[in-house]
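As structure tokens, one chain now follows by itself in the form predicted alone.
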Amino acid sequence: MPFMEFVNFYLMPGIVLGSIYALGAVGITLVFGILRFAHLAHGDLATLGAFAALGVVTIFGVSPWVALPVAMVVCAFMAIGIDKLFYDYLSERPKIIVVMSSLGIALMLRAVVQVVWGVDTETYTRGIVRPDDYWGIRIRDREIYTIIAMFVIVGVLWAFLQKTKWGKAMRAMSDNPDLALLSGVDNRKITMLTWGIVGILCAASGFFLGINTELKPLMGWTMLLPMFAAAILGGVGRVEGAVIGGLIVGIAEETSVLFIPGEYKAAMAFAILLLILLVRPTGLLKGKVL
């Protein structure tokens, strides 16, 4: 196979898909690193963000890119509201109870999407968008924007965690919530801030999956395993690890069709997850959380 054909048909789609997974995986690693539980409603929250953007596009007739910030705000408040209504009063219960409740939240969010927008496949825009040629690499503008947006969003988040007062408080809470509380950190405000950021990341991942493919009520559920695989592969609690893990899982899925039938490529995330749990449970990057 010619090298450029491999790049155009397998590597670049893998990087785009991996960028989407990375955004979701960063949210998962934040929830686990700070709140200490696996959030099974993560994918369906991303679906809600994608369809919220569709609602803005449909009602106001604006560009999907204009609708993205609105969807981020909607998802951020939705995530905070879910925590207040459902997760907060379970905070003293065993974490497995919270995990199982998040599965119920996932089903609830999916039902909301299906009731409001129906079960049919939707798109942000109509028509065929042909790729442009950049030095032999054929890629669409929206795919370029997806990759750039992922690095910008994650870069801003990393700088926020490392340089700001609130970011350092989030890191302190991830290290030791009790000690952070004794040091003057308001754990409730940090929890709200965490959920707000997670909602923004969910909206971004759902939107970019929708704009590069199609919008379906089950799109977030199908993303859940690859996103968890990416977070675990990179090292749970490591933002940069989630990005690396997302890119690896995305590229692995797209290139796997060279060796296995295309309908089985989703199993690559499961295979990677099993492999990393057997060989290196701490992930590729290990060290201080966040």
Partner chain sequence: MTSQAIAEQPMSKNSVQQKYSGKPILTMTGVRGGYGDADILQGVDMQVTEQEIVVIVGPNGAGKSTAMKAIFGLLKVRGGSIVVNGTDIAGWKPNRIVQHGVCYVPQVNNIFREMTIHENLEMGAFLRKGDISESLERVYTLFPDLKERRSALAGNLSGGQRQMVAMGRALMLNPSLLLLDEPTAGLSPKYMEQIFEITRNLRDAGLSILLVEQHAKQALAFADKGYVLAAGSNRHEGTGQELLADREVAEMFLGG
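Computed from a prediction, not measured in an experiment: that's the story for all the values here. Positions refer to the first chain, counted from 1.
FYI, the form predicted together with its partner chain isn't displayed, but the following is about it.
- Checked against its partner chain in the predicted bound form, the residues A159, L179, V119, V152 give one hit for a heavy atom within 4.5 Å, which is L179.
- Between the options G184, G136, G81, P94, the residue in contact with its partner chain in the predicted bound form by a heavy atom within 4.5 angstroms is G184.
- Taking the partner from the other structure, its partner chain in the predicted bound form has a heavy atom within 4.5 Å of a heavy atom of D175.
- Its partner chain is not drawn, but in the predicted bound form it has no heavy atom within 4.5 Å of F86.
- When contacts are judged by a 4.5 Å heavy atom cut-off, K165 counts as touching its partner chain in the predicted bound form.
- Among residues of the shown chain, R171 is one whose heavy atoms approach its partner chain to within 4.5 Å in the predicted bound form.
- Heavy atoms within 4.5 Å of its partner chain in the predicted bound form are found in one stretch of 71-79, 184-192, 137-145, 108-116, which is 184-192.
- No residues of 27-58 lie near its partner chain in the predicted bound form, the criterion being any heavy atom within 4.5 Å.
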